[in-house]
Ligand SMILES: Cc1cc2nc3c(=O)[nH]c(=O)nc-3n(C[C@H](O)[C@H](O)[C@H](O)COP(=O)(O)OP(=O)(O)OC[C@H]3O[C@@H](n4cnc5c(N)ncnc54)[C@H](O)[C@@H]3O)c2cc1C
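Just one chain follows, in the form predicted alone, and it is written as structure tokens.
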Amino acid sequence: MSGKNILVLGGGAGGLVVANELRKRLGKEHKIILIDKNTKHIFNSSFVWVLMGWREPSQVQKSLEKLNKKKIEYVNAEILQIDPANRLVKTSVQDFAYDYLVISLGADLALEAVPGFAQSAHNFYDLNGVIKLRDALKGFSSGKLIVLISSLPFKCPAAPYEAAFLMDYYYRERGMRDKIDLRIYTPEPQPMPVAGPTVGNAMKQMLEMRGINYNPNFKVTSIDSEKREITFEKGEKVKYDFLVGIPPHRSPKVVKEAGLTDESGWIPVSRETLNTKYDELYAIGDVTAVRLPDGKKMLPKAGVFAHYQAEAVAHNIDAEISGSGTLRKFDGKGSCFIEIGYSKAAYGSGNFYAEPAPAVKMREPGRIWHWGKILFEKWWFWHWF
């Protein structure tokens, strides 16, 4: 059997898992090459702990160079062009021909899509932004603090709510909560709408119990940093003193230019095998558009799905190369922890492919789920690096 060249684009959750799983399954005659413009893998789920000062930035990231020791060739380069017809990826370093390609490039943050966002909001979805937000909170002691979800879809649907709960906790611990008007504005009709009304209502009750003002169906159009004012689609204007923002998400330009996206702006794939319209070309994680069985809703963008999709894709590439074994299907199951402070977390899990609607349950906050998240973080870095 001649060796195959397998390219993995992106060193986030999906790319890291698929490269590791392929290396574990395939012989040394096959090359596994992971390409990323960043030098480090960042564990985004720990951003909330960085925000609280419970983690230093160095504790939530690992050098991708470590993959070389596992016989995964890491290339630090910017991806300039994906050419599926010729099975070629052009980068700032060199061109790479491939037999199999797995695209796991995630979602780009498009701060410019909302006028004034970059000048006004603390970006909670960027590690440097989280560090600046952590430091800025120390100097904010009274006024209207708004968590603004700017558009849909966005990755890790629970994260803005985790941030709100932990900022509530932060000010309660300092005896200042009565001076903080904490609010959430979102274009969603309810928290995490794809998970269903039961989960959404449970989340709203948790917010109400903590005195966090929840405002659904608000779509931002612009932010005036001088007036400290947000304008929404229906003409409403809301003043703020401190703004935490979740910026618009877009698929990377390189996948659009390759003709891989559809009207959603993301890469359509088979929801079970993650195949694209091209043979031996897969896409996983946040860069994808995965339509749920009802034909209307899309699978949320979250690291847990990228993880399990990566495992299925690695299994299937191995089966195809070896000519043995059955195909493995991604089953739509996922889960997430929702930190609320006080060494507690809630836990949601379920099957997003269930019919006629996703079957997801929310477990009440407890210490066990908080420790579960801590152990998962430790396992993640130990297992994949």
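The structure presented is a predicted model; accordingly, all values stated were derived computationally and were not measured. Residues carry their position along the shown sequence, with the first being 1.
Note that the form predicted in complex with the ligand isn't included here; everything after this is about it.
Stretch 37-45 is the contacting one of 37-45, 313-321, 356-364, 66-74, since its residues have non-hydrogen atoms within 4.5 Å of the ligand in the model of the complex. Taken together, the three residues 11, 105 and 124 all lie with some non-hydrogen atom within 4.5 angstroms of the ligand in the model of the complex. Exactly one listed residue, out of 208, 95, 78, 262, brings a non-hydrogen atom to within 4.5 Å of the ligand in the model of the complex: 78. The partner is absent here; in the model of the complex, the one residue of 306, 167, 274, 146 having a heavy atom within 4.5 Å of the ligand is 306. Taking the partner from the other structure, the ligand in the model of the complex has a heavy atom within 4.5 Å of a heavy atom of residue 155. Using a 4.5 angstroms threshold between heavy atoms, residue 373 counts as touching the ligand in the model of the complex. Although the partner is absent from this view, residue 302 contacts the ligand in the model of the complex, with a non-hydrogen atom inside 4.5 angstroms. Taking the partner from elsewhere, residue 182 is found to have every heavy atom lying beyond 4.5 Å of the ligand in the model of the complex.
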